[in-house]
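Okay, so we've got the same protein chain twice, two forms, each given alone as structure tokens, structure 1 and structure 2.
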Structure 1
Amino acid sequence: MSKTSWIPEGVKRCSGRRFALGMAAVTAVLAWGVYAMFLVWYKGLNQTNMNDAYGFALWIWADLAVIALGGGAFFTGFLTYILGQEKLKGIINYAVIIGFICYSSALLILAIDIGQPLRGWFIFWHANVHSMLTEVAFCLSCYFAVLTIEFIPLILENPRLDRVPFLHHLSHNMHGIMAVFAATGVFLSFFHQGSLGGVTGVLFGRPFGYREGIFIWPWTFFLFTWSAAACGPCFTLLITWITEKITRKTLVKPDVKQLLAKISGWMLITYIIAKIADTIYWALVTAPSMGFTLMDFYSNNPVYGIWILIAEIVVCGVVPGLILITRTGRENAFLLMLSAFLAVMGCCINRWVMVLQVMAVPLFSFNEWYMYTPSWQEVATTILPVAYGVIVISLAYRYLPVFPQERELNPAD
């Protein structure tokens, strides 16, 4: 391999032609999403199917979901740099990249949702200091800056860039102080993950989401942070597995995956226990105090039946949690990835019900359930970050030493 190659030394990548064809296909999907995004910006939010009942809809669900799944970056960084789990250095680079994609996507979704992105700076200059969403916007922006700083040293390790003495030393020195940024990221993530849950928890007029709490924080504040720390690493494991299948390589040692899975499993089990306790108290105490029964919040329509509660807590919570905390489950590749997938789906279902079911439930006996179907513009702009993420991951994998164990695990390259 030439020393002047853009591709890291000692690893094999597909031909430039094949890579360009793959990028062209993903870019076409990206262009579709960008077109829909500009329609929304040019013509306004009438391009969506949101209405008086659904001021928050598909975008905000996607926003909360990617923020939660991007939590793998802050939690893996916390384990690696703060708790000293050196073994996780085999996957921390990828966790940072996935977190970078998730948080930049979250900011993009917010820019679409406000309808007038040129006024986005109002959030910072004319901040409503009594709003949880203001705190979320500040923390999201700051943590995205932290992830960018964590991403920069990896970019500078590209063979061409690493040959420049200044960039080489800058990358080395930034690696040396990465624990500071990891600690900052944990602090910022705790508050914005929690506040996203707290927004729904304080809505007294929306009894499905309303929760009592500790001091000024509703219980959803802590549950959102807890679930992000539990399911974020599962998302990292799932994307790593997909990458390995596409590249037909082993990129991370099995013991690294199993360590992260074990920690994630215990986080998931403890979260589910807390979630079950929260649900029982809400169903038996909070809701009846407002004149509702549990089944008032679940209808016979296919979207919001009682199945969604069972799916979130049992199928996508208890089951993957039990698999991940057992050595036999973790060592079985199929069960490991199945449990990671189920945990990710459980987190997405939780964000779905806390965004959309909250507004679908009728508040009065004479109201019907408020149903909602997103427009194609909403679907396209929700798929947009997925295409963007595929492009960033593809470029990073091709040109950056993302996986430090790749050469060791694939000597044939």
Structure 2
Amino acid sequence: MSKTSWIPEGVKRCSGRRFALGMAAVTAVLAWGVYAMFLVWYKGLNQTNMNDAYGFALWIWADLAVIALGGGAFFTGFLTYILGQEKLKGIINYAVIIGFICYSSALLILAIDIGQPLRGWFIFWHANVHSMLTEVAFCLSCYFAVLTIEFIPLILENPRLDRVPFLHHLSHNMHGIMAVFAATGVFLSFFHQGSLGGVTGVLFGRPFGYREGIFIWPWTFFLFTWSAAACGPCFTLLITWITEKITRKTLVKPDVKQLLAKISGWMLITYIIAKIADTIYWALVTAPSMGFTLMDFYSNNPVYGIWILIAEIVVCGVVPGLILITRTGRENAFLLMLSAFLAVMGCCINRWVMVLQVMAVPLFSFNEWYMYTPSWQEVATTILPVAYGVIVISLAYRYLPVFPQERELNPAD
């Protein structure tokens, strides 16, 4: 009884020494990012390559991207707890952990990104409720609290912690009403994912990003929520696949993955239809009313050609969507993962253009395109969350029963 292991029962993990070595390597990358972070906090945003034309850059893209990809947590939670897709319980824990990492990273990046980090709380104190960013900050913080609540019961399931009666009961009770937390998470996610789309969509001074919409919400509000629900689960699948490759184990049953992929595929294909409709309306009506043709946004610069629109919509939208909605596509492990990867890339490209290309497009006929390359400090602080994510996942995998099907799928252990 007193010799309960920290490692969950019935599963095999690498030696402590090997684990420590792996952790040390990732921690070195983390330390690089932390150094850059302190440099930015101490010396200010002059450590970046942002400028007055490029007020939003790599960090805001990273923020939008990780939040969209972390959307796997809310959407899988919605499917599991609200729609009762019991099968997805095989992957929900991991979706929550990935969501937790994504959202904590987003909050950290935001704390680095603001010019006066010590005044960050002003967004809550002096809140302008008409600003999309205010809505993002409130919902993001609240949803991060929800994710933490969803993560806690899993942490408490560590064999050592589970021995403590109070923690055992707490974990059990939290599991019992998880649907309530999941529903709150869905409510909050709908709004902050949408508001992140609104951040650019409301900028009527920026014809590349501006969209019409309904009531106070531009179309990007709905498109962002939709794409997060479509691509977030793909990211969960992709990370699960990477974890399986590294651990050399099957951790989630193929039918669980295929169910999530099928739902993702239908979300993706419906999203991409809406996105195509939005793009056509924008190209034919919105942009011309502001004096721009579609090709004004995709020419006369070294990077942003029409290829980026094709890559986002066709290669990383229509193609993975079609593969994921077909049974043969889903059942082929390679095609499944290729589609998940493409969907994730599509989401990242979408967030990239909705932040960086918006800034790059010149608004005056006498201006050139504004191009930007991030500084090493920006790159390091963007890689920081990746290293942090690897550490959290490694610790969670080693010490927590993340994959309920692991024992069954790996009986030799």
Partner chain sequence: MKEDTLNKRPKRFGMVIDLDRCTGCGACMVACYAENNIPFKADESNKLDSINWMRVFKITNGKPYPHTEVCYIPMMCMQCEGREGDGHAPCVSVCPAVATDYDHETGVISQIYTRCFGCRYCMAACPYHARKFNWWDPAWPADMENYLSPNVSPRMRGVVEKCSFCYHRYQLARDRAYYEGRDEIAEKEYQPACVEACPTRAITFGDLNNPGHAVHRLKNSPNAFRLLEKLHTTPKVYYLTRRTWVRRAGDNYLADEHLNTARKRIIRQQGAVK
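Being a predicted model, the structure only gives us computed values, none of them experimental. Numbering runs along the sequence of structure 1, starting at 1. Between two forms, the rigid core is the largest collection of C-alphas that superpose within 1.5 Å.
As summarised for this chain, the first structure is the form predicted alone, and the second is not. Comparing the forms between the two structures, the C-alpha position of N300 differs by 2 angstroms or more, with the core used for superposition.
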